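Just the one chain here, the form predicted alone, laid out as C-alpha cells.
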Amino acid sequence: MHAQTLSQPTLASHLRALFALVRKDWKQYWRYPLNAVSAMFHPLIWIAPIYFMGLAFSINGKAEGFAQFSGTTDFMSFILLGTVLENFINAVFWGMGYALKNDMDSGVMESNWLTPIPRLLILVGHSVTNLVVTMITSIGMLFFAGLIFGFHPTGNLWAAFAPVVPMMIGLYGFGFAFAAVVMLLRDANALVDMSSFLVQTFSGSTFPVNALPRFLLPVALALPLTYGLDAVRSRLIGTTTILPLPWEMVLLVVFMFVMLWVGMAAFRSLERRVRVLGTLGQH
C-alpha cells in the first residue's frame, strides 16, 4: 500500500514532467540557432510590401482612408502589433499540433502516452518553449521593425497585457482541439497552415475587421482573438474598438473559459476515438 501511494502522480511530479518537456524542446530548438534569426527577420520581409503600399495610399505620410476603419493613421504600428500577436497564435498551433506529429514520426507517441501524466500537460509542455522563443524573437522583430518602418506606441504597455492573458489562455482551447484533430487525421502541416491562416485572417491581425464584407463579419466577431487584438491596439496606439473596451474584456474572459472547456472536451473525445481505432502511433 505504501509503495502504491508513492507511485501516485502529484503536482510536483507533474511540474517535473513539464520542466523536462520544456528543457528537451529548448535544447532541441537552440541546436539550430539560425531558426531564431529567421523568426526575427522573416516577418519583416512580408511587412515591407505592406509598408510601401501604405505609403502609396497615404497623404503627407498619414493613411487617412485607413483611419476611417481603425481610428488611427499609424498603419504600421497597427500591423506590427498584429504581427506580434499572430506569432503567438502560430506558437500555440505549431507547438501543440506539429510537436504531436513529430512524436508520431519519431515513434515515441505511444510511450509518451503511457506515462502517468495528463495528456494535456504534454501538449502544454510542447507549447511553452515556442511561446518563450516567440517572445524573444518578437521583441527583436519589433526593435528592427521600429528602426526600419517606425513603431509608435503611445499607450500604457502594462495595461495592454491585461487582454493578452485571457486571449492566450483561451487560445489554448483552440490548441487542444486542434491537436486532437492532428492526432485523428495524422497530418499537421496542411492543418496548421490552413487553420492558423484562417484564424489570423478573421481575427484582423493585419487589417481592421470592420473592413470585411458584412457576411464574413459574424465569423470575425465569433473569434475571441478578434477582441484581444482589438483591445491591445486600443490600449497601445489608441485605435477605435469594435465594442466598448470593458465589454471586450468581459467577452475575453467568457471566451477563455468556454474555449478551454470546448478544447479539453474535444481532445478527450477524439483521443478516445483514436484509442478505439488503434491508430495512436500511426503516421
Partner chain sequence: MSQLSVPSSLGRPGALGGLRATWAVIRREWTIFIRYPSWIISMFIWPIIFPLGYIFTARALSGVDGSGLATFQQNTGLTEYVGYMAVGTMIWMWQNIVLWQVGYALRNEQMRGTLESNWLSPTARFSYLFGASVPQLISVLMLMTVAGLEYALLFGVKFHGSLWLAALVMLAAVPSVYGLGFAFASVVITAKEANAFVFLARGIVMVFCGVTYPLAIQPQWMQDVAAWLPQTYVIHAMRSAALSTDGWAGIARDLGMLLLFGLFWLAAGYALFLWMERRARVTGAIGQY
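Predicted model, so just to flag it, every value in this text is computed and none were measured. Numbering follows the first chain given and starts at 1.
There is also a form predicted in complex with its partner chain; it is not shown, and the following applies to it.
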Practice task
Although its partner chain is absent from this view, report whether Ala222 comes within 4.5 Å of it in the model of the complex, heavy atoms only.
Solution key: no
Exercise for the section: Answer for Pro208 alone: is it within 4.5 Å of its partner chain in the model of the complex, judged on heavy atom distances? Expected result: yes
Practice task
Would you check, heavy atoms only and a 4.5 Å threshold, whether Leu157 touches its partner chain in the model of the complex?
Solution key: no
Exercise for the section: Please run the contact check for Leu212 against its partner chain in the model of the complex: heavy atoms, 4.5 angstroms, yes or no? Expected result: yes
Completion exercise
Residue within 4.5 Å of its partner chain in the model of the complex by heavy atom, from Phe202, Trp94, Phe88, Trp113, is Phe202
Practice task
Sort through 22-30, 252-260, 230-238, 42-50 and report the only stretch with a non-hydrogen atom within 4.5 Å of its partner chain in the model of the complex.
Solution key: 42-50
Handout entry: Check all three, Ser58, Ala63 and Met194, heavy atom within 4.5 Å of its partner chain in the model of the complex
Key = yes
